[in-house]
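Have a look below at one chain only, the form predicted alone, in C-alpha cells format.
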Amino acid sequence: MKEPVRIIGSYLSPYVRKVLVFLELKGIAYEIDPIVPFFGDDRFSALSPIRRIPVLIDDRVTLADSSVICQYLEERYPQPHLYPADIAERARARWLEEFADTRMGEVFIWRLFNQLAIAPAVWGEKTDASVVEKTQSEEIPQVLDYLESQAPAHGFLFGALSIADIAVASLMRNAALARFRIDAARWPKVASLVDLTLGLDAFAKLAVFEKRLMRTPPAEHRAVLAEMGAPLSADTFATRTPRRGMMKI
C-alpha cells in the first residue's frame, strides 16, 4: 500500500485548500505539515524555491504549485473526473482556475486577507484601511462582475463539479474568513455557485480546522491541529522565526 501523499502548507491557504479538496474528493489519503510559508525552513526552500505553498510529495514526484499538483492528481487518479471532458470546456476551466489563482488571489489574499489577517498575525503590522477600502469598493466588484458573467444561473460552472468551481470557492472562502460576504442581490449567480461549492463535505471538513486556526497564532497551529485530530505528518519544515518570500503572490 502506498504511503499517504504529503502536503506542506497551511489549511488557511486557498491554494492548499484547493489541493486538499481535490484529495478529499478523489479519496486519496494524505498527511499535512501545516506550515505558513513564511515559517518554512531551508529544507522547505529547497522544495519550494519561491517559498510558496502547497508542496506535494508522493512516491513519484515533488511539486510546488497548486495547479500543477491538481493536474497531476487528475491524470494519476482520474476518478472522479474533476476537469471537463470537452476540450474547450476543459480549457475554459483551466482559465477560470488561473483567474482565481492570480487575479482573485491578488485581490482577496494580498489586498484583503493579508491586510486583515496575515500582516497583523505574522509581521505585527497594522491594517492599512485605505487599501482595504479601495479593495472592497473597486477591485472586488470588478472580480465579481467578471465571475457573474461566467457563472450559470444554477449549478456548477460546467454542469458537474470541476477544478474551476473548486478554485473560485477556495479563494472566496478566504474572503469569508476576512468577513467579506457576497451581495447576492448584485451577484446572484456567483453567490449561488460559491454557496453550492463550499457546501460540499470536502470543504466543510476543512472549515472546522480553518475556524480554529483563525483564532490561533501561527506558532501554535501544529499543536492545536494535533489536539483536533488532523492528519499531521510526523515531522515538520517549520521554524519559529518568519521570513518573507521572494514573490508577492
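Treat the numbers as computed from the prediction; the structure is a model and nothing was measured. Residue indices: 1-based, along the sequence shown.
Keep in mind that the form predicted in complex with a further copy of the same chain is not shown, yet the notes after this line are about it.
Each of Leu63, Val68 and Ile87 is positioned with at least one heavy atom within 4.5 Å of a further copy of the same chain in the predicted complex. A heavy atom within 4.5 Å of a further copy of the same chain in the predicted complex is found for one listed residue only; from Pro217, Pro188, Pro49, Gly27, this is Pro49.
The stretch from 49-57, 192-200, 206-214, 176-184 that comes within 4.5 Å of a further copy of the same chain in the predicted complex, counting heavy atoms only, is 49-57.
Interface membership of Thr102, defined by any non-hydrogen atom within 4.5 Å of a further copy of the same chain in the predicted complex, is confirmed. Proximity of Ala160 to a further copy of the same chain in the predicted complex falls outside the 4.5 Å heavy atom cutoff. Contact check for Arg76: a non-hydrogen atom falls within 4.5 Å of a further copy of the same chain in the predicted complex.
Although the partner is absent here, Phe156 is not a contact residue: none of its heavy atoms lies within 4.5 angstroms of a further copy of the same chain in the predicted complex.
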